[in-house]
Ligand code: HEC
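Below sits a lone chain in structure tokens, taken as the form predicted alone.
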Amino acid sequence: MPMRSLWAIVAPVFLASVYLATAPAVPHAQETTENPFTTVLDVRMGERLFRQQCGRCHGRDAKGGELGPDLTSGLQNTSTDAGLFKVVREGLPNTQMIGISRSATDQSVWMVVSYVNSLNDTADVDLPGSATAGMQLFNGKGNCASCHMVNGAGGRRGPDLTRVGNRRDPDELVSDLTTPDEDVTPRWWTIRVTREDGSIVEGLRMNEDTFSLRLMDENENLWAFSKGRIRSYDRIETSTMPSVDGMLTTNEVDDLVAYLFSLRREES
């Protein structure tokens, strides 16, 4: 093989090794909640590591595979860098998400975090609504906070919206508000369980496998059932969120979208 062709193969691996060897040491994961590795090179390294470690389940382009969801449309299980680090490192209990290789360094995990975050960056746009008025609607007339959490405050019956502006553009937010049944991920399906005595328990589908079900009811109580010890169960694949059509005016929808889009990661 010509030396030039051999160098084309070896160079990327060599450069990556030099970078990992000479980069400043990363603090232990438990000592920091901010990602220390957010440069363009970190993102590129994270992409390479993602394809090696995560691509089999989530797809090489992170748009989803047979086992893992699409990560380019937003994250459902965490809204902070520290939380994403923990998911990448440890996985998610009672799911097929097992986490990255145990031999991966904290620095490598942070790079993967940077890459995943880069998938959901959204450019600034000029919106007609008022974010201040939208926040009042969110916590008041719209009653959004009863189901959705922002910065640790609110309910858990809907996705955490702390950084929803990083993963949803304004048009998508309008669609989420007006046609919530259009695209409901399995995480937000409802399960209605009929127990052996005929009583019914209904709630969000938290986990399901061949033998068991876990759900959270409207009071945020957790229930676990063995499928062999219930009469029946039904999956309801529509959204528990009502459409704002008829509830909010066009101007109020604009305000709410402006507020939701303002919930974004602040650039340093």
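Note that the structure is predicted; figures quoted are calculated from it, not measured. Only the largest set of C-alpha atoms that superpose within 1.5 Å between the two forms is called the rigid core. From 1 onward, residues are counted along the sequence shown.
In what follows, reference is made to the form predicted in complex with the named molecule, a form of this protein that is not presented.
When you look in the predicted complex, the only residue of L119, L173, I191, M135 with a non-hydrogen atom within 4.5 Å of the named molecule is L173. Among R56, R235, R48, R214, the residue placing a heavy atom within 4.5 Å of the named molecule in the predicted complex is R56. Interface residue remark: P242 is counted as part of the site for the named molecule in the predicted complex, having a heavy atom within 4.5 Å. G142 belongs to the set of residues with a heavy atom inside 4.5 Å of the named molecule in the predicted complex. Within 4.5 Å of any heavy atom of the named molecule in the predicted complex lies no heavy atom of V150. Under a 4.5 angstroms non-hydrogen atom cutoff, the named molecule in the predicted complex lacks G203 among its neighbouring residues. Applying a 4.5 Å heavy atom cutoff to the named molecule in the predicted complex picks out L84, V87, V88, L92, T95, Q96, M97, I98, G99, I100 from 81-111, in order along the sequence. Put the two forms on the same core and the Cα of Q53 is off by 2 Å or more between this form and the one not shown. Annotation for V113: C-alpha shift of 2 angstroms or more between this form and the one not shown, rigid core superposed. A104 shows a C-alpha shift of 2 Å or greater between this form and the one not shown [criterion: core-superposed Cα displacement of 2 Å]. The pair P170 and F85 approaches in the predicted complex: their C-alpha atoms are at least 3 Å nearer to each other than in the form depicted.
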